[in-house]
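Below sits a lone chain in structure tokens, taken as the form predicted on its own.
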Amino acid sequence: MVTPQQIGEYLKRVPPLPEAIGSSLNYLAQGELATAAKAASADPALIHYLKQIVNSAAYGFKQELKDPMQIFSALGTQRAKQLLYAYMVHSVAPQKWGYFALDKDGFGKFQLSFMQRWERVVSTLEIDEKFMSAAAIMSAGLIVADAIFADRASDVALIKGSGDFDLDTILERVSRLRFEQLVATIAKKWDVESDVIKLVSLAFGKEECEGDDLCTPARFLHLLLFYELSRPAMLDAGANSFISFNPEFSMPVLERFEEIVGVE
């Protein structure tokens, strides 16, 4: 069993927001794109990451975006914020994972696909764009869980051998934490807005959701995460049971989800 002190050590592997990103996020919250871009430019690794992402086929900009002001102007406030959080997740992801059969490139492709499809959902349903950041941070718990599972491989194997348990249940058995708790802890550390954290927590589908404006987005996010984790790369990596799929939670939006996201 992982002790609370050890959990604290695992979470220390997730750093607080660097000054450049924290400042950039603050300026974005004020709608000051130019100042946010200038603040972000103090971190060369961040700018390199943003250039790679925005100039990829996934974003489809007609001209290459070369400097921070061009990048932030093209993205807009909320998409820029999403990618700043995505960079934080990217920066703490290991080159070679300890438990899941993943590498940094494979995880990056999963994260980008997840974010792009979530953007499509947000746009189509006209959800407040501030919730774009939800997809960027939701996978952060997988990184911490990987470290816990790798260090407790014998305990994990013993639990898996005793029944058909999903990863969330195994994580709780070895650490007394659920994935949504890990993600929420990381999100708070990165000053993510409280209602975005609430959406992420609801999207794990662990509690009934009625009468809350976030219920519908949470159902879509739950379905989308399960969809992305069910793709071949994540199945092969052994990460597909990151969450337990809750069909009753998802059913009210299933048909609309298929229209928006499509089924491959």
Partner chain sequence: MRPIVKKQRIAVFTPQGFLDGSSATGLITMQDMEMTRSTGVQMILVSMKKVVFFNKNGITILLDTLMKLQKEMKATIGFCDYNRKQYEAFFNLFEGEIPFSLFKTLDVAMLFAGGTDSKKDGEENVLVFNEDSTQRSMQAIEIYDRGYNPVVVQTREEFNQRAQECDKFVEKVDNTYLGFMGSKIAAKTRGNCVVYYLKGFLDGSVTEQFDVMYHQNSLKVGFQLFMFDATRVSSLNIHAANFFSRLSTAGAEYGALIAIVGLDMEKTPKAFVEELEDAGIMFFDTETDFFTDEIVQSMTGGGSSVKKERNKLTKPVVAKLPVFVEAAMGTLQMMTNMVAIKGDMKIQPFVAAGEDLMASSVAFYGDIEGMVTLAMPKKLVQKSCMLLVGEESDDDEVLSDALSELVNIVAGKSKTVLQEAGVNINITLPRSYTSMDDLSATLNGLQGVQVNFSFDQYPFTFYLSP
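Positions refer to the first chain, counted from 1. The model shown is predicted, which means the values in this text are computed figures rather than measured ones. Between two forms, the rigid core is the largest collection of C-alphas that superpose within 1.5 Å.
Just so you know, the form predicted together with its partner chain exists too; it's not on screen, but the next bit is about it.
Exercise. Contact between residue 198 and its partner chain in the predicted complex at 4.5 Å, heavy atoms?
Worked result: Close contact is absent here: in the predicted complex, residue 198 is far from its partner chain, nothing within 4.5 Å, heavy atoms only.
Exercise. Applying a 4.5 Å heavy atom distance criterion, does residue 10 contact its partner chain in the predicted complex?
Worked result: Answer no; every heavy atom of residue 10 is more than 4.5 Å from its partner chain in the predicted complex.
Exercise. According to a 4.5 angstroms non-hydrogen atom cut-off, is residue 20 in contact with its partner chain in the predicted complex?
Worked result: No.
Exercise. Would residue 231 count as touching its partner chain in the predicted complex under a 4.5 Å heavy atom rule?
Worked result: Yes, residue 231 is a contact residue.
Exercise. Heavy atom within 4.5 Å of its partner chain in the predicted complex: which of 158, 74, 92, 125?
Worked result: If I apply the 4.5 Å criterion carefully, the residue I get is 158.
Exercise. Can you pick the one in 121, 147, 170, 177 that has a heavy atom within 4.5 Å of its partner chain in the predicted complex?
Worked result: Only one option qualifies, and that one is 170.
Exercise. Counting only non-hydrogen atoms, which stretch in 128-136, 160-168, 93-101, 189-197 is within 4.5 Å of its partner chain in the predicted complex?
Worked result: After filtering at 4.5 Å, what remains is 160-168.
Exercise. So which residues in 225-242, when you check its partner chain in the predicted complex, have a heavy atom no farther than 4.5 Å from it?
Worked result: 226, 227, 230, 231, 232, 235, 236, 240, 241 sit within 4.5 Å of the partner.
Problem set entry | Did residue 194 shift 2 Å or more between the shown form and the other one, C-alpha, core superposed | Comparing forms between the shown form and the other one, the residue 194 CA shifts below 2 Å.
Exercise. For residue 156, is the C-alpha shift between the shown form and the other one 2 Å or more after core superposition?
Worked result: Where the cores coincide, residue 156 still shows a C-alpha shift between the shown form and the other one that is 2 Å or more.
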